[in-house]
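Taking the form predicted on its own, here's one chain by itself in structure tokens.
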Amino acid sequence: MSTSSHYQQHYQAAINTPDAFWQQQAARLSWYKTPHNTLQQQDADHYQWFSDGVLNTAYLALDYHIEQGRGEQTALIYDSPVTNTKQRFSYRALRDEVAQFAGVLKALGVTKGDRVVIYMPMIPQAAIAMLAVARLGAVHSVVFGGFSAHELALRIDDACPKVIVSASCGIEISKLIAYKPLLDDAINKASHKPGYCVIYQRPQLRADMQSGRDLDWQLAAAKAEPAGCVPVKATDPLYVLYTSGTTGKPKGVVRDNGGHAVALNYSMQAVYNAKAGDVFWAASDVGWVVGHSYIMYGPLITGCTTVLYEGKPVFTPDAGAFWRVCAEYGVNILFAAPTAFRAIRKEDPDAALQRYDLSALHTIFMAGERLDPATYDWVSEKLQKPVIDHWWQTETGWPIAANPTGIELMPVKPGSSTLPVPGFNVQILDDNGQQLRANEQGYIALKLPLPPGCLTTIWGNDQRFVDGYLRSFPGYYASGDGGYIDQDGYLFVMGRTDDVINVAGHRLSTGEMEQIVASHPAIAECCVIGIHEPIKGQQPLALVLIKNGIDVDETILEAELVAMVRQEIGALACFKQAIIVTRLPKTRSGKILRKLLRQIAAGSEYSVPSTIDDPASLPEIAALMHNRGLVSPV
């Protein structure tokens, strides 16, 4: 790669002169008070960005664009195949709805710094509530709609919200999920009691209200006085978003206002090549970080039209749902998890349902899990559009590594998330924290300071932040992922570091094996885990889903997969077992629960996490493992 490339100039500027680089990016935003202190180190572990700056994130997302004459441009498109509802909000209309609901919260005593928990389905009111909280300078904590009462109670006790905003129900393909009983149960379980709950009553199912505590959203908004934007410091928190922790207690990732706005605005241009007026669709949920960054704040700060979709990639009504949305709204940039495209591929392997006009669509981005080359190849072939793999985390809030389409479109290497995004100093370290050479696998770490927009701490527990992320390798943020950087500087993320297995002293990536297994023409999706082997310590086991309409003999398929892995990795991989399953246990955001599968194989006790999408997959897989004699004695 040429060191004089446009990308390299950006990257080196961000690494060598971060103050000047990020001051330039900050100048692209409309501040109440422009920051002069770009980067300040507080102590060995903590840094602040733009500490003397003053702004309001909701103002940047809405009011600013109205002032620039874009008030009538569509800001938000709501598309709900599960309710057969479609709705458009202009920037002016969305701002008015947000100001009105901010008035509701203000009348309930919500002020700067107060927390508001939002427990909502994918409806416009979820977006309105988030922006209304930000408008008041308060701190929102969005909890994925449909989380169990126990998990919601944990988050209530951690965030201690003054108000909880919810809806009467969520809607799946064939069922209604009543939210209010879950919310009531959670409040009963929680030690902290919110002063008020504001409930949006959906016509499909109305909730019973508790007198004195519960308010009807529609009635309260009709009486409210619109509220203005409250200026906040750049270092004040915008939101707390909980991510799973190894201890079982969720970690509240804290995102600040200033660094977050600067980073997202930069990423929309540098990574996604988005500009004001583009239609941007992140097919995720506001309960996850992708929803925060790229359904909500990133597109709106940039002046895009964002799509909020209440449905699935398949069965709403068919595997052409994504293509229908892209065609109907002229989507320019589509962002979804690989699992969504694998689901589409499984139901429609020949992409026969891709009968829609996709001429407006110019780029497809994928993240949230490793993009296996088989899925990359299928989407690339069927859509004939650039497919961009990129890698980031809840903790970083925006991409760590990507093909920087807004700076310079780099050659693609399937299996790689391409290059570190300017601002992220990515290193591969060994067990002792020493930097490894090209193509050597190790721990992926980010040299401090992290760029703007990354987590600043864990809510209410800074020691957990320091111990969990900064102690493994002093001077670095430990990502928890393993991988390598090749001779061209391309990053290959091979999975969580606990997905690396040790076979007779050889450290092997299950991600690499998954890549090989997934390339078999009969395989729709797969997962490889390490299971106990008395002689070699561990050996790999593949769990595979077969494409619809394909009939295979399990014994023959297994032999073919064993031969493929032996060919690509060698006999040292000791890959000998593959089991056909009808489904894999996943979180609602599409991540395979590999740790849970390892626990089943180890014969150890396990608890079913609240994030699981399909608990019924577990007994099936456990039975198949038992029948094969693969479950270790406890």
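The term rigid core refers to the most C-alpha atoms you can superpose between the two forms while keeping them within 1.5 Å. Please read these numbers as outputs of a predicted model, since none were measured by experiment. So that there is no doubt, residue numbering starts at 1 and follows the sequence shown.
What comes next is about the form predicted together with a small molecule, which is not displayed.
The contact with the small molecule in the predicted complex, taken as any heavy atom within 4.5 Å, belongs to T243 out of T243, T83, Q435, Q201.
Scanning A445, I516, V379, V493 against the small molecule in the predicted complex with a 4.5 Å heavy atom cut-off leaves one residue, V493. Partner proximity in the predicted complex, defined as non-hydrogen atoms within 4.5 angstroms of the small molecule, places exactly one of 453 to 461, 157 to 165, 365 to 373, 99 to 107 at the interface: 365 to 373.
Remark: W392 counts among the residues lining the small molecule in the predicted complex, judged by a heavy atom distance of 4.5 Å or less. A residue is said to contact a partner when one of its heavy atoms sits within 4.5 Å of a partner heavy atom; I77 fails this definition for the small molecule in the predicted complex, lying far away. Proximity of D236 to the small molecule in the predicted complex falls outside the 4.5 Å heavy atom cutoff. At a distance threshold of 4.5 angstroms between non-hydrogen atoms, E512 is out of contact with the small molecule in the predicted complex. Once the rigid core is used as the reference frame, the Cα position of V54 differs between this form and the one not shown by less than 2 Å. If you fit the rigid core between this form and the one not shown, you'll see the Cα of L572 move by 2 angstroms or more. In summary, the C-alpha positions of E369 and L572 converge in the predicted complex, ending up at least 3 angstroms nearer each other than in this conformation. Cα of E369 to Cα of Q538: at least 3 Å shorter in the predicted complex than in the shown structure.
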